[in-house]
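Let us start with two forms of the same protein chain, each given on its own as structure tokens and named structure 1 and structure 2.
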Structure 1
Amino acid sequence: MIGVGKAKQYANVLDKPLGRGRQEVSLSAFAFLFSEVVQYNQTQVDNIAELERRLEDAGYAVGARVLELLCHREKGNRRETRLLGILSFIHSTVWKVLFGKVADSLEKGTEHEDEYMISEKELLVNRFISVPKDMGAFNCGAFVAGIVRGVLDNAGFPAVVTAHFVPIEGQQRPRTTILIKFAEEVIHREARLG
């Protein structure tokens, strides 16, 4: 694609096709940047709930952009309109672009009809992070929860998305579960569409 002399000249930058971009960035660079994001936000808040909200908001902006980009790049300018479609789009396409792999699992909540869970044994953003005991159940995965909410919201599926640590038996480290609770209207619309 970037062969010397082969590059086509485009008069208008908008005519130029969107390249696939470099597929990988340095994990260390990301880890340091993310660490700084968390540290900066920590200085701006008084409590943990607010920190969680700020990280989520940061992720939301990423999600909104990622949806736009991937619909164009991967889906020929179409986006998913059905609930399961958009969920598997997040689980596979979005996850693959952002984290280099498909998410470990996508499940439907057993207790509530409107709840879905994306679980990851070791979330990339948490790879180097140890949350101190005094911060309780705080999970930096809130950033990823924000990304998921950003994608869903902009695709027309408003939802409340939260990140939780879930202990696994026989493992020292808990996994992270992204819990998605869809708004009532989304569930009604799905039921109508059948």
Structure 2
Amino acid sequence: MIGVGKAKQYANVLDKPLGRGRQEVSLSAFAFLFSEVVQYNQTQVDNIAELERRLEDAGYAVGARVLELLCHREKGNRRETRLLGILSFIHSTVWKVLFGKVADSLEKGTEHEDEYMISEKELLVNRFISVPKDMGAFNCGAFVAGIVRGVLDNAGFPAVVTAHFVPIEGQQRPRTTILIKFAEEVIHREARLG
């Protein structure tokens, strides 16, 4: 056979096809880099709310890029148009690409029709961060909330996304819940679509 065992040579780097590439990052490298991001932002702010907002903004940029990449790779440049479809996409596909597994749970809020929750027993960004007592309830999950908001906004589902700790009975570390509160226009659009 012709060409067996030879790598195809490309004249220009732009001619190379977009492959999947290596999809794993060393956990210790990620933990170090993320802790440096948190420490840098901590020196730039005066309070915890501002620090969480800066982490969320950093996550938003990641979320926008992750959506573009996954829509290209997984869906042939198509995007979800339905609410449950985009939530399922985030819960399974996005979570698996970012954290190596599907999120622990996706639930609809019981009190409000426009609220959904993605829960994770041990969120990767909170695993290696020790929060000093003076920082109270600081949650690095704000970065992941920003990623989720970036995916949703760029897919046409504007929402307010926040990260919260939820205590688990009998466990030392609380569970992290990403609370998604969709804009009214999204709920109306979903109702019209049926």
Partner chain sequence: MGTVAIYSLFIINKSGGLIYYKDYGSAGRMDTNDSLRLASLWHSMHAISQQLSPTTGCTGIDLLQAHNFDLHCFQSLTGTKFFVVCETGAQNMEILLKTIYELYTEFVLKNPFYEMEMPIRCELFDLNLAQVIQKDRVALLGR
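Residue 1 is the first residue of structure 1, and the numbers go on in sequence order from there. Under this definition, the rigid core comprises the largest set of C-alpha atoms superposing within 1.5 Å between the forms. Computed from a predicted structure; not experimentally measured.
Between the two isolated copies of the chain, the form predicted together with its partner chain corresponds to structure 1. After superposition on the rigid core, the Cα of Asp46 moves by less than 2 Å between the two structures. Remark: with the core as the superposition reference, the CA shift of Pro167 between the two structures stays below 2 Å.
Once both forms are fitted on their core, a CA shift of 2 Å or more is seen for Asp134 between the two structures.
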